[in-house]
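Heads up, what comes next is one protein chain in two forms, each shown on its own as structure tokens, labelled structure 1 and structure 2.
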Structure 1
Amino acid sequence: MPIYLYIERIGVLHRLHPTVKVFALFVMFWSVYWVDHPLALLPLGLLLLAAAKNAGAWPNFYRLRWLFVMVILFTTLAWMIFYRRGPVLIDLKFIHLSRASLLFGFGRGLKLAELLATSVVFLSTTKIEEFTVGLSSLRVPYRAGFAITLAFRLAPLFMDSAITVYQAQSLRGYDFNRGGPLERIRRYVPVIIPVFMGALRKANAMAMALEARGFGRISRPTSFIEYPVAPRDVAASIGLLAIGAVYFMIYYTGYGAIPLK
């Protein structure tokens, strides 16, 4: 099973400038943030589906399919409990079902799912090196950008270490599926401890390697790969600015809000 989300492909999204990709990530988050109504979020969802098709990111979406389902389902159910507004359709002790609560809950779940989908498309089309260059081009301090990209780089390595330890313990006859739910959780302790200790060793080795290479001596290091700006990058930037402006206007005019009647 692959532990990285990046998919090697020659497509429009893959060939965009790293700065445009990071800007697209920001614009999508910005646009999703301003609206609550599911119908207002629908165009962004369709845009993300088209982007996923262009990027060939369907395998990553399939791997995370149950996460998308749980995010939408449980968020909708949670807001049916806490969002008590609008004319009541069903009023029980823990559930206040109204048209407003249903729309608000489903909208919140859709927002989280679209944020997750945006991240999946971004990681499917952007290498860690490109992410670093994009952050640097947007004047993000190098140390902060390095810390952000380091998290994306190390998380799959820790997952790989956990899978390796899990398989090694299974080959030695250790049964992770024996007992009830609490017993199964307790039996994963032999995996957690080696992964945690390995993470400490990797962090120490990386700190020494960075110090040996003079990390931090210059504030804006150069990049080995040059990324020229192409006409498609300009067109994509204009389109992203338009999307961000449109969704702010939808919020400003009130069309993205949930009606209470």
Structure 2
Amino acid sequence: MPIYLYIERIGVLHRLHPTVKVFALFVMFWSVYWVDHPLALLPLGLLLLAAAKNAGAWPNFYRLRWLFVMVILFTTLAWMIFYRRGPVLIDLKFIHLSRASLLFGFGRGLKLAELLATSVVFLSTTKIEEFTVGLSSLRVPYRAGFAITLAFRLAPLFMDSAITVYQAQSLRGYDFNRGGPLERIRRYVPVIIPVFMGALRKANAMAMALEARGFGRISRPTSFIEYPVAPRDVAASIGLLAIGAVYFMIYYTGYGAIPLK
């Protein structure tokens, strides 16, 4: 699985201000949270599909298609076991198959799938440096934002070195597939240790390089990249506020709830 989902494209969503993108993420969480009924969640799903089309994020959605299907399926099943409410349609021992449990479970599955879709659209349209700007505008301390950005940057490097070590060990005849599940997990130790030690060797040099460049001398350092606020950002923010308000009203008026009869 690739660590970067970003898709290079000049679309409306790509050009939005990073703060607006982070705000959009929050509004989607907010809106999805308030409603339970699958029909109430459907417009958000359609909106996300439109956003995915605009962002050219289909390759990422296609790559994760089975995850979407499984998320909906297994969440529906899990809640049919635990959400034992409403008149039973078919009496099974563990699964409480009622109209209410079916709607509630499917609604939860749809919710989780929409949250996954939100993160895929976000990652397809947002670079790491934009994410950092978004975090800093939310008053996340600079050093914490820096650690997050550095971790995002280092993770693919560590994955690459793990693959190199894996291939080197395989060439020497080391069998990673021998034994039961626990033994197989344990056989990855000779891969993890060189990656770990390689990472630690970098740590000292990295800390010295950072301090030599004056890291942490000022709490809000300036940046080469500037993100001016454009009219489209204002329009998008108003639209997002409206979506959040509409979904809260759907909850408040009771239209987003699951009927128990």
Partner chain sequence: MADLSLMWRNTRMVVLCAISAALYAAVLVPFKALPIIPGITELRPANAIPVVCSFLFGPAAGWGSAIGNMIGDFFGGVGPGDVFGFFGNLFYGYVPYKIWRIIADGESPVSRSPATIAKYAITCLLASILCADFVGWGDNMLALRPFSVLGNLIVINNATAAFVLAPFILYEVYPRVRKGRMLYTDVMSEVTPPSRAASALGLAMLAVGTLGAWAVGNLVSTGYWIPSLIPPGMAQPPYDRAIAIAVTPFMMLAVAGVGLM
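FYI, numbering is relative to structure 1, first residue = 1. These numbers were taken from a predicted model, which means no experiment stands behind them. Only the largest set of C-alpha atoms that superpose within 1.5 Å between the two forms is called the rigid core.
Where the criterion is the form predicted together with its partner chain, structure 2 meets it and its counterpart does not. Once you line up the core between structure 1 and structure 2, the Cα of residue 84 stays within less than 2 Å of where it was. Once the cores line up, the CA of residue 147 ends up 2 angstroms or more apart between structure 1 and structure 2.
Once the cores line up, the CA of residue 37 ends up less than 2 angstroms apart between structure 1 and structure 2.
Relative to the superposed rigid core, residue 164 shifts its CA by 4.2 Å between structure 1 and structure 2.
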